[in-house]
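As structure tokens, one chain now follows by itself in the form predicted on its own.
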Amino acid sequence: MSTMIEECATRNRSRLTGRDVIHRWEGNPIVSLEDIPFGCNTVFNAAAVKRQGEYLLLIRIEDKMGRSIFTLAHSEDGYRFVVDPQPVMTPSETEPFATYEACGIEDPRITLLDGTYYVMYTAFSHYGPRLALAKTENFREFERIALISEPVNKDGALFPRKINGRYARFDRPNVGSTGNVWISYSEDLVHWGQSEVVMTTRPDHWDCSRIGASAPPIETEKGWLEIYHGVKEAAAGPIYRLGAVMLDLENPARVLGRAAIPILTPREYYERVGDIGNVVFSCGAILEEQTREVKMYYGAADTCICVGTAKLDALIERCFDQEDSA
């Protein structure tokens, strides 16, 4: 009898912790349509930053016109958020941005670099998606810097420091239906080039269809930790999962280790059922320096925002683990 009880307890603990490296907060979702104080259609995902002890989410939502816009949410603990009463950034009405943001602004990523908060986002129009860059000091006013890529390109994420004297970013140019992660460099944040591929899709894996950067890279003593998303086309539609990769500190195009299995995969109802089912998609993660814990904020089923946590060392270890140990 005692053996049976122990086995049941083990199974229960397994259900509580889950099979993913990222542990979901039991209060998920943290932001959904009902939490937005103005009219909108749906909630997608969010960039994340911790500023002066306050957690901020820059949330992509779809307004009633069908365009994506950004709004801000605040939290004292990183779990319970209050959303501002009005959007903080909408498609520009000033050229050259107006033409290329006509259909919306999407998927922001926030990077603190040399004391300035930069927001890299996707400008979307009938001409396709392309990357754009803005900056802010207070998350109330946003100054657009430039449109910084040609179409079709998205999933841009700015590194938090210069590499060999140059700014660096991830991006994801598309070739047909396939997208891989590239790195590009700049002297001035406006003109980008010297691009090279960092990593590609993997046949017969969970990330076989396309991949893209998620949160901005996190610098560790062992290399750059990048959380990325991968897509696999299935009979019922695409499945979005999250993975992790470690890159060389001074040459981020050099992969040191890449996780064989995802760190988060759609399992919960709110991740599997929504506007677009079977989606977990991150645009932001915060490293808690004292505890070495990563809070990762992710969109679920293009319908709500959730949060999960993992120890930094566990994420790094997974990058070098080529076996499915779940």
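Residue numbers run from 1 along the displayed sequence. Because the structure is a prediction, the values reported are computed rather than measured.
The protein also exists as the form predicted together with a small molecule; that form is not presented, and the subsequent description refers to it.
- Listed stretches are 30-38, 275-283, 51-59, 253-261; the contact stretch with the small molecule in the predicted complex is 275-283, by a heavy atom cutoff of 4.5 Å.
- Relative to the small molecule in the predicted complex, residues Asp77, Glu288 and Lys311 are all farther than 4.5 Å at every heavy atom.
- Taking the partner from elsewhere, Lys154 is found to have a heavy atom lying within 4.5 Å of the small molecule in the predicted complex.
- Contact between Phe170 and the small molecule in the predicted complex is not found at the 4.5 Å heavy atom cutoff.
- Heavy atoms of Tyr228 never reach within 4.5 Å of the small molecule in the predicted complex, leaving it off the interface.
- None of the heavy atoms of Tyr121 is located within 4.5 Å of the small molecule in the predicted complex.
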